[in-house]
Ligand SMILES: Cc1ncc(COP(=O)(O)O)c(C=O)c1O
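Below sits a lone chain in structure tokens, taken as the form predicted alone.
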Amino acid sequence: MLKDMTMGFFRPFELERFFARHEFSARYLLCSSDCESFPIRELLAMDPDAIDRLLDLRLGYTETRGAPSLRMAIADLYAGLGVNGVFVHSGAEEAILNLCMAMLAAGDRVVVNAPCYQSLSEIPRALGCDVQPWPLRQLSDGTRWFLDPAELPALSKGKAKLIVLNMPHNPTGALMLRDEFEAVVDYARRTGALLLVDEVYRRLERDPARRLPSVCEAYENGVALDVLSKHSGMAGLRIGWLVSQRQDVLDQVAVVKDYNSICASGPSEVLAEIAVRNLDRIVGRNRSIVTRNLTLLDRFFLSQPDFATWTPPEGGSIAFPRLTDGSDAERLAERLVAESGVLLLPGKYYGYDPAHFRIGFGRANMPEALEQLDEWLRLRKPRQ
């Protein structure tokens, strides 16, 4: 049994345990965090030499930091970044673990936006860090979720080793304004803190003009995290990356990686390079799905005010509505999936108000899933 200690052991990852029970049995995943995937055949068709490259690949070890050609393709996504500023990992999860283990020690102060994907706060906690949650709040007019940069000094007290942001945010879909983001960068620069920004939903902003610069472009001590799982719908490749101007940080990450994955999958790196070189095309397709689905969700929440209210997301492929009656979303989610096959993710798995739940709108079959939810709700309403 996993021990529940104040440090030294990871607490169970509640969100992942919930998905382990339901993800591969539920008919409709109306809470998916990723976008629509597609077959390898379609990816290979984007590069005329891809099939030969894949078939000629020798299945030996790959380079710890990633294949040079893949790293160069990733570096080209960022202004002023060279190949040495890219470190490939087996998904974003490994990248978070390796960075935290490389840079943090017991007693270090870490400020993390909350709610958050559990790894971003749990790994520092298990390492013995002093983790300070930085709460997102809904504005009183319901127009947006807001993360206040003015709260940073009190949380950090000028000594935070690491500040962690996720923008666009999981699960709320929040997106900082440019001046808010710059205020965070300015504070990190004044105090010397590392600034990790989980950018896995970058490129899926509702208004592309709102896209923030990558933190590795904006701040010399910034570390950006990205992965092909979310905006590109390629979770099965298990390819993510850290990018930074801080070579010493990436060197320390390399020391940790030698003790877990050592290197990524060679075939996955070949396929990932094709995806990265065609990223605008792939993300553009998923942006179209997201845009269509958001229109349907806007109509749905207007038509079902007794069910839930939502603050429309500003980016990403997920949002965080709240049950109107304030009841426990987990009870509803368990009943819903049992009776209709539709899965929602309860807010309790973010350590948040249990009346909230996560809804995902990056999949092509979301309209069908939403129709099933709407029908289930209408059948539950008492007849007049």
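All residue numbers are counted from 1 along the displayed sequence. These figures come from a predicted structure and were not determined experimentally.
FYI, the form predicted together with the named molecule isn't displayed, but the following is about it.
A.B. asks: Pick from 183-191, 274-282, 229-237, 287-295: which stretch has non-hydrogen atoms within 4.5 Å of the named molecule in the predicted bound form?
C.D. replies: Of the stretches listed, the one contacting the partner is 229-237.
A.B. asks: Please tell me whether the candidate spot formed by F301, L323 and Q372 is one where all three residues come within 4.5 Å of the named molecule in the predicted bound form (heavy atoms).
C.D. replies: The answer is no; none of F301, L323 and Q372 reaches the named molecule.
A.B. asks: Quick one: of I96, V249, V270, A73, which gets a non-hydrogen atom within 4.5 angstroms of the named molecule in the predicted bound form?
C.D. replies: After the contact test, the surviving option is I96.
A.B. asks: Can you pick out, from Q132, N221, N170, S214, the residue that has a heavy atom within 4.5 Å of the named molecule in the predicted bound form?
C.D. replies: When the named molecule is considered in the predicted bound form, the option within 4.5 Å is N170.
A.B. asks: Is it the case that G85, even though its partner is missing from this view, gets within 4.5 Å of the named molecule in the predicted bound form, heavy atoms only?
C.D. replies: Judged by the heavy-atom cut-off of 4.5 Å, G85 is well away from the named molecule in the predicted bound form.
A.B. asks: Answer for N166 alone: is it within 4.5 Å of the named molecule in the predicted bound form, judged on heavy atom distances?
C.D. replies: Output for N166 is yes: heavy atoms within 4.5 Å of the named molecule.
A.B. asks: Considering only heavy atoms, tell me if V197 and the named molecule come within 4.5 Å of each other in the predicted bound form.
C.D. replies: No.
A.B. asks: Given that the named molecule is not shown alongside this chain, does W241 nevertheless sit within 4.5 Å of it in the predicted bound form, heavy atom to heavy atom?
C.D. replies: W241: no, not in contact with the named molecule in the predicted bound form.
A.B. asks: Can you name the residues of 19-52 that have a heavy atom within 4.5 Å of the named molecule in the predicted bound form?
C.D. replies: If the 4.5 Å heavy-atom criterion is applied to the named molecule in the predicted bound form, 19-52 yields only S33.
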